[in-house]
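To begin, one chain is listed below as structure tokens, in the form predicted alone.
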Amino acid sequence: MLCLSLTGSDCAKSIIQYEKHKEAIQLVELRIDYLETIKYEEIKGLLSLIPVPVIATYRRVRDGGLYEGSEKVRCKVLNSLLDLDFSYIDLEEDIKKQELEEKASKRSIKIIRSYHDMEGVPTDLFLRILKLHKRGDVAKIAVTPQSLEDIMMIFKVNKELKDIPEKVVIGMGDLGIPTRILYKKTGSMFTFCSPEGQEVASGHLSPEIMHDLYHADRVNENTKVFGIIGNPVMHTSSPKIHNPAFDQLGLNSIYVPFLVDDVRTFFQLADLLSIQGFSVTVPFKQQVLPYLGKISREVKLIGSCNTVFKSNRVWKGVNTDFYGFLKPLQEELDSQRIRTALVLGAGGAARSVVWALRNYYCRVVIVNRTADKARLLAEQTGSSWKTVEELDSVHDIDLIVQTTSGGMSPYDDVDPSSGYEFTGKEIAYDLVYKPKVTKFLKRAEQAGCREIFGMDMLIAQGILQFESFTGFNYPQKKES
């Protein structure tokens, strides 16, 4: 089930939230701590209008809620809520009021026994869940992972505590987002969502993203897991390329973002979750290489890998950036309209770009803030290089490619080409895809240059990744 946390300042606003998102959810949580005034008649009216099960939650600040008053008053309110027709009531592990438990049992209201750790993951995670299970109908634990090792522990709950069917195990923050999307892989009976733009807890996604993009509620033991690793990675648009295609072809598969702090640990997580393939973005395109059993010709040439998948039980690495970058330029390259290129940056993305252009015998000039990196890449690829300070001396360029993070949040105001004077004849190609039009592209457009957007490359390389992952051609868009 997908559970929507209702956060209206009054019951009328919470009902509006439910109506807006009702098609995507099967359960709701009424956050009493968000109500400006607790009016039991209004809550009773809300319960009569919402046909799905409702959880009553009155959360303290220390557990991630808004309530700051006395515990005596809060327990009194919880007691009164048990007079209403809730399906569940959330009671933290330290509440030891037998009258609440007895009243809930008498009213057939299930108790969710919850524990929250806003700073980390306790080493006795499994034991805590067992203790919660003994004191309630549903054991719920929400923790804050600090590493991929913590994420592995959360996913291991499914196997270690499989005899406890009614439990909810949540990892908060960006690191924990995979545990929310793949909640069934943690053994959880439901997961939480927030109204769009109103994140109740760190890492909450909207019901529509969970239901329409990820189809998280349809995941089962046979679902094949794919993903993308990076740091940062939550800005990625890649799930919007892969998940709709899985759905259109009727494949029981899901593509999930993983914020990674250590590549070695991710490969262990991949084995734990039986991940079938994943995209690789900054800064791991070279770090994954030692863990691959096979690599393609392009990866050998470039020394950079952006796509990893299982091939005969062995991890194979390919580079779809190489061909994805070329696709929007194919006509100009085939006609030799592009003979000279300026590449801004010397990282993993730049390596793919330079090698792709050199494969078409283009003369390439590499410019990078760190001169040593520019010189090394130039030596490896048979290119030339210059320092950023020498950018104004570069002339007669057919193509200029921006491969750095300049222009992407939080560097929106950065233009890595600021020392270059556009003539208007260049093709300006920015690998950044959010925002669509960067400061670099705005300046190129003003000079009369043709623009190529980062999204063009993202989609092109993503389609190639999809075909590597699945063996199927990427589906054509459905007619509207």
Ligand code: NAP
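What you see is a predicted model, and the numbers here were worked out from it, not measured in a lab. Throughout, we count residues from 1 along the sequence that is shown.
One more form of this protein should be noted, the form predicted in complex with this ligand, which is absent from this view; the next part is about it.
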4.5 Å heavy atom contact, T370 and this ligand in the predicted complex: yes
4.5 Å heavy atom contact, I25 to this ligand in the predicted complex: no
4.5 angstroms heavy atom contact with this ligand in the predicted complex for L30: no
Touches this ligand in the predicted complex: Y67 (any heavy atom, 4.5 Å): no
Segment that reaches this ligand in the predicted complex - one of 49 to 57, 412 to 420, 32 to 40, 441 to 449, heavy atoms within 4.5 Å: 412 to 420
4.5 Å heavy atom contact with this ligand in the predicted complex for all of K285, S405 and M408: yes
Residue among I154, V318, M210, A346 with a heavy atom within 4.5 Å of this ligand in the predicted complex: A346
Interface residues of 443 to 474 toward this ligand, as seen in the predicted complex [heavy atoms, 4.5 Å]: G454, M457, L458, Q461
